[in-house]
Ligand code: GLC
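Below, in structure tokens: the form predicted alone, a single chain.
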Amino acid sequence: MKTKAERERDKRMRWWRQARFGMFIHWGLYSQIGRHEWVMNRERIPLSDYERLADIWKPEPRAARFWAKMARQAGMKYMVMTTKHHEGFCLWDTQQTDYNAVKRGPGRDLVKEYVEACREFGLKIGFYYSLMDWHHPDGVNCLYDEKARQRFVKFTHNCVRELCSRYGRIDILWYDGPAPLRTPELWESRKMNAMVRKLQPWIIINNRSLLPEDFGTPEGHVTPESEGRDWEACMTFNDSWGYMPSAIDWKSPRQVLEMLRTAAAGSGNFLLNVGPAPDGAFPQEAIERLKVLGRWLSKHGEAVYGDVDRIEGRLEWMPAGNWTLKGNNAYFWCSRWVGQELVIGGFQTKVQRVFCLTTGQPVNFRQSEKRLLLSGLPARNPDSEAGITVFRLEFNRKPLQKLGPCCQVIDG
């Protein structure tokens, strides 16, 4: 029997668990430099030099509208944007510091524009907020001076309060950078998050205020957390979170879809980052790939969205591809085409029907005790977008596949 708190959390998490796929946006003063979002720290740029970027930044009006349009077109269900990154520049009209988008170069509330864009395109709204702050005078001293810590924590809580009280319903609070303070007690995270939940009762909070809260956040890898724990993997489209025009290692749609599959197969979510240019434009490489993802998901979305189960302990990898699972249906993502017949071994459950999402056609099959043979397939992979064809295998009960590392087959 679940507790009241667990039942309430399940209600909050319901939409998120169905959504599976979101867009991360890293946008700030560092976008003008174009050498990574950590450029201020890594290149030890003097504060006085870096601050000048705040006055010359002139992004195009309502740039976020294009982001939201692309996210929706790509099959994403929510967005998370950096309201303040480690550099300390606030993208909203905060009363805590003049180092913000309204009082400096942009001359307007960029967070408001983002919120309006998300609502226009029916996307859930997430705010990223960096606890770490390279600009605030107490951002480092808080580690050594108790009065500095109190001032910095007050500043932090007040910033979060503003974000959660000015824009209507906010769906996700995505903390980051809990440094240099190393415990939730020093950040007073329980107090801060209780305030957030009072202002936004339905909000979902990540684990980077050093409390577990609603979901974990593996970064740079797609690794399921323990069963029963909600999680979301975040990855960059290339090797930088912020705008970096020299980046060439763009992930292909095929790579992105495999990461999305891995996340869904572990009952997790996948947050894919784009770093807009200073004016707010998306790199063309991102636009092209997002369009491909959207076309692919328009055909194959049922293998991703909704109540996806963990495959661990139920389905096993195959040389030709891998799985997602929903109830009695197993979805085989065939990413290495083997020709007009596909053989899958080890099913302990009876297949009732096989359907190809890619072609929209039923598939002939024959099942013996140890092998399932799909026949009459095209000679070449029918998916022209990413080379990933998906088959829905419908079973009489929740499927179970057992192969293991070694076996002896006498009769197939």
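Here the structure is a predicted model, which means the values were calculated and not measured. The first residue of the shown sequence is 1; numbering continues from there.
Only in words, not in the display: the form predicted together with the ligand, which the text now covers.
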Proximity to the ligand in the predicted bound form (heavy atom, within 4.5 Å), stretch among 344-352, 31-39, 379-387, 64-72: 31-39
Contacting member of 270, 337, 174, 237, with respect to the ligand in the predicted bound form [4.5 Å, heavy atom]: 174
So which of 241, 99, 155, 78 reaches within 4.5 angstroms of the ligand in the predicted bound form, heavy atom to heavy atom? 241
For a quick test of understanding: in the predicted bound form, does each of 24, 128 and 208 have a heavy atom within 4.5 Å of the ligand? yes
Just checking whether residue 219 would be counted as a contact of the ligand in the predicted bound form - the rule being heavy atoms within 4.5 angstroms. yes
In the predicted bound form, does residue 85 have a heavy atom within 4.5 Å of the ligand? yes
